[in-house]
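In the block that follows, a single chain appears as structure tokens, in the form predicted alone.
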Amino acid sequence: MISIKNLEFRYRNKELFNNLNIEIEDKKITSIIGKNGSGKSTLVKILIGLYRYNGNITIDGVSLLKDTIKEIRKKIGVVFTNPDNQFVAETVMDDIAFTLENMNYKKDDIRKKIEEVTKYLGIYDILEANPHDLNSNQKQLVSLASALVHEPKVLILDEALTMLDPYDKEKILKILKELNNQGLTIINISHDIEDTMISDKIYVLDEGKIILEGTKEEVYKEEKLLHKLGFDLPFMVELSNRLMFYDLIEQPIYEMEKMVDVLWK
């Protein structure tokens, strides 16, 4: 779905990326993790056409160029860290509609699409509310609705789970997994390795370079390297490793419900 080849980028005479290569598979969940200053947010801004770059980036077969930015943005939905910074209207309805209005959708189609996405996300009953008055979970769901309402092929989460408490985060992770099962390609940008548990593939970014990549199972095995980069293993990975050490389970289990089922038996 997305191919990044030989990416080079400088900002204020500082080199951020030099020969960066990343492949995002279609209909998969890919996490790109790194500490603050590793280049994660800059990469997002490049992908949505806010920064010019050197190299070759294609999104759904279209090269990311000045002339193709509008076409590419129709293929992408983005949710940022702080939803308050994304809100542009005084009601949830108008805020979600803003995306479609910019794409010249007809009023009837706008109404229909907003109804569909808000019912799916469970926020249909707050369409007349001011988005700034909502709780953190509702705000992020409104931002997610705005990112999904035009049915993009790619959803980019730029530290979008950071401000959520564990309960709300778990709810949104389940929604993301459902959307992925329906064919949506998801890129999860985060500094928190816990957010990578739903990933098919993980890239670990450090100072603009890919230090580690692979499936989550492959990446989690590199515990020493992850510690060196400032990451502890996710809780469920640590738990699985300890239970395997004591022969209580035979293989890693990364979902709490499955772990409970196995231990209960």
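Residue positions are given as counts along the sequence shown, with the first one as 1. All values derive from a computational prediction rather than experimental measurement.
What comes next is about the form predicted in complex with a small molecule, which is not displayed.
- Residues of just one listed stretch (253 to 261, 240 to 248, 20 to 28, 7 to 15) have heavy atoms within 4.5 Å of the small molecule in the predicted bound form: 7 to 15.
- Contact check for residue 221: every heavy atom lies farther than 4.5 Å from the small molecule in the predicted bound form.
- Taking the partner from elsewhere, residue 49 is found to have every heavy atom lying beyond 4.5 Å of the small molecule in the predicted bound form.
- Interface membership of residue 196, defined by any non-hydrogen atom within 4.5 Å of the small molecule in the predicted bound form, is ruled out.
- Put simply, residue 201 is far from the small molecule in the predicted bound form: not one heavy atom of it is within 4.5 Å.
- When the small molecule is considered in the predicted bound form, only one residue from 35, 70, 209, 227 comes within 4.5 Å through any heavy atom, namely 35.
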